[in-house]
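The chain that follows stands alone, in the form predicted on its own, written as structure tokens.
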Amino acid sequence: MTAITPTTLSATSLSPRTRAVTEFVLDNLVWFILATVLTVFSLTIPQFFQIGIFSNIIEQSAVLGVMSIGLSLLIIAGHLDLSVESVAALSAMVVAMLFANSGAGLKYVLTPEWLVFPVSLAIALAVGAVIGATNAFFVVRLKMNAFIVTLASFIWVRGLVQKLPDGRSAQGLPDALRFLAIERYNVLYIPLIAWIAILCFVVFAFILKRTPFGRHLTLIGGNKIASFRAGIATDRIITVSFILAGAIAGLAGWLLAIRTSGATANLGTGMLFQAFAAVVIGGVSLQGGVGRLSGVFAGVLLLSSIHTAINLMSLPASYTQIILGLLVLAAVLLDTLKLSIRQRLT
């Protein structure tokens, strides 16, 4: 009798129901991890299990979550964008310089005042989209390596963030923007700024799953050559992906400016690494072609939960970095394991 081992396990040895359950667990593993972590924290940290704490976790996840969406789209498409952090900071700085009333702010006042909401949002999206289009030109048209191109953008865009205000900060955004981040303006105890992030996840999850663009994006990440031969406009899809990633980073910057009521030269520093961690922990494969935004959302919540728990326990901030690094390593190992299991199921 031949023993059944992991190497001999195949789709034929599993029932359709077992295969479906296995796929469901693999797709939603990060949610099980999040539930476990929240349960452990609630049982071991006395002040953790509170509506206010959970509301704060979701609110803290807003900016990072939005930034992670654009990064996820490009990684699923088989590319990288290291510039999203700097793009978010530049968009925040431009909005703050135009509309803030102190520091480097130019104090532009629109009439009626509510116009500052759509105008500032459009400016932030435009700033991000232009840089995304610039990245796409070098990567798609000039066939340059995306890692190098976006790394260069990360550097020169951050330089712009420091140069534009001459090192000063711009603070004091109008109330027509600030109300989004004020805790008393909430729905179901969740601040409005967090609802914007949740809406973004829902919209782009639908796009990725239910539209031809999303399906083509995933196919390109899985096999670009085969996608091209199948008649998919790969260059156009990738170009749109870079522009979208830039615009979404611009939206993240807009939310960041609102949350901090302005911008500083070092705004958002380190968020790129947190976004990468959230994306990888959320199950997006760095090999491209695999990933769900629902998992990325869970990854963002997991990081915010750990950060909140560390603060409540009054542990040194360095613990966050250590845990973050270990989580990324664990996520990469888990991604390799899941890929191996999926290959045995097919």
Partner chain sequence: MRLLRSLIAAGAVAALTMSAGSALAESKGKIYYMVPTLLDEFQTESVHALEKFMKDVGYELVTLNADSKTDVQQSQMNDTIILKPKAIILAANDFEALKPSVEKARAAGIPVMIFDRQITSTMSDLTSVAGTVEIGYIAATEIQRLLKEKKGAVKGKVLQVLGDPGDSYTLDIQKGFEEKMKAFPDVTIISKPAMAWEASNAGTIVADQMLANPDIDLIFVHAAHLAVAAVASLEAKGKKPGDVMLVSSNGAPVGLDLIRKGWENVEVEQPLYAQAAALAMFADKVVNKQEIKPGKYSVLGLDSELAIEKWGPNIKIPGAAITKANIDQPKFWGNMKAPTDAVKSVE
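Residue numbers count along the first chain shown, from 1. From a predicted model like this one, the values you see are computed outputs, not experimental measurements.
There is another form of this protein, the form predicted together with the partner chain, and it is not shown here; the text below is about that form.
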* If you check 182, 142, 233, 122 against the partner chain in the model of the complex, which one has a heavy atom within 4.5 Å? -> 182
* So which of 256, 248, 95, 75 gets a non-hydrogen atom within 4.5 Å of the partner chain in the model of the complex? -> 256
* To do: Name the stretch, out of 36 to 44, 291 to 299, 277 to 285, 56 to 64, where some heavy atom lies within 4.5 Å of the partner chain in the model of the complex.
  => 56 to 64
* residue 132 within 4.5 Å of the partner chain in the model of the complex, heavy atoms -> no
* Touches the partner chain in the model of the complex: residue 29 (any heavy atom, 4.5 Å) -> no
* Asked: Applying a 4.5 Å heavy atom distance criterion, does residue 166 contact the partner chain in the model of the complex?
  -> yes
* So in the model of the complex, does residue 267 come within 4.5 Å of the partner chain, heavy atom to heavy atom? -> yes
